[in-house]
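Here's a solo chain for you in structure tokens, the form predicted on its own.
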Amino acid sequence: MNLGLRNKVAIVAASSQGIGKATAESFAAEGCRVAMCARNADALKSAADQISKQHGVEVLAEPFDVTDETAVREFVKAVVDKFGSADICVTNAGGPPAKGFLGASVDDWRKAIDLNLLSTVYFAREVIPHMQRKHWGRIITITSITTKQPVPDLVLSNSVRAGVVGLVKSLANEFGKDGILVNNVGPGFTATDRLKELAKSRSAAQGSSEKEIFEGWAVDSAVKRLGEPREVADTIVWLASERASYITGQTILVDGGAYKGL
């Protein structure tokens, strides 16, 4: 299937590992020019070099923190200066720490908002004008199954990521007339380093082994296994493509059927 993405410019945040890296790889495989960012400079360079070599595409990689508004602005400018456009923007950031409500400080709340909501705001503010000029654009946020089904001890993620969904719906309604589609992808339990950290936290709190925690998550899905980063990435790339040209303002769960609602 021709996705119509060759030579498009795809920005992928937090793309040195996990779902972000898999997403950058999938865009590169479709012939996109890719712009990557992450906090860890060494890991980012390694991922960017691998993707460029493997797929023969141009890759721009810059290390910075997505909670830094100025850094986001300068990065998007660098992308447009190098590639001439910013066609696709995938916002992404590590999740806030696993905590219950009484265990989360006000500072924890502020950090979660900066990390998961405002970082998306920063990217959207910078890329939308470029997309408007071409009357074509895709903004895709990566959140979590928690936007549909809250997860115990993830009160920060449950709350703040729901705000991202509200932003997605608002942007979709406001900028659809400009040819800009805005959607959200919510991964379920996916085999990433983030999930390993969560398993370690759960293990300590519940007295169960990390293996038992992982097995419990797998059994909770309809397909009885954890997801793989590439499975989330493939959904993101499809949403960015011409094959999904009438989909906007939606949250697509990639969770193996773990969500129990209708």
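In this text, residue numbers run from 1 along the sequence as written. Note that the coordinates shown come from a computational prediction; the quantities given were computed from them, not determined experimentally.
Although not depicted, the form predicted in complex with a small molecule is the subject of the following passage.
Visitor: Within 4.5 Å of the small molecule in the predicted complex: all of 121, 164 and 184, by heavy atom?
Guide: Checking in the predicted complex: none of 121, 164 and 184 is within 4.5 Å of the small molecule.
Visitor: Find the only residue in 51, 66, 61, 199 having a heavy atom within 4.5 Å of the small molecule in the predicted complex.
Guide: The residue in contact is 66.
Visitor: Only one of 98, 168, 160, 93 has a non-hydrogen atom within 4.5 angstroms of the small molecule in the predicted complex; which is it?
Guide: By the 4.5 Å heavy-atom cutoff, the listed residue in contact is 93.
Visitor: Can you pick the stretch from 35-43, 205-213, 233-241, 51-59 whose heavy atoms fall within 4.5 Å of the small molecule in the predicted complex?
Guide: It is 35-43 that comes within 4.5 Å of the partner.
Visitor: So in the predicted complex, does any heavy atom of residue 14 sit within 4.5 Å of the small molecule?
Guide: Yes, contact at 4.5 Å.
Visitor: Spell out, yes or no, whether the shortest heavy atom distance between residue 29 and the small molecule in the predicted complex is within 4.5 Å.
Guide: Flag for residue 29 set to no.
Visitor: Would residue 19 count as touching the small molecule in the predicted complex under a 4.5 Å heavy atom rule?
Guide: Residue-level check for residue 19: yes, a contact with the small molecule.
Visitor: Would residue 142 sit within 4.5 Å of the small molecule in the predicted complex, counting heavy atoms only?
Guide: Heavy-atom contact with the small molecule at 4.5 Å: present for residue 142.
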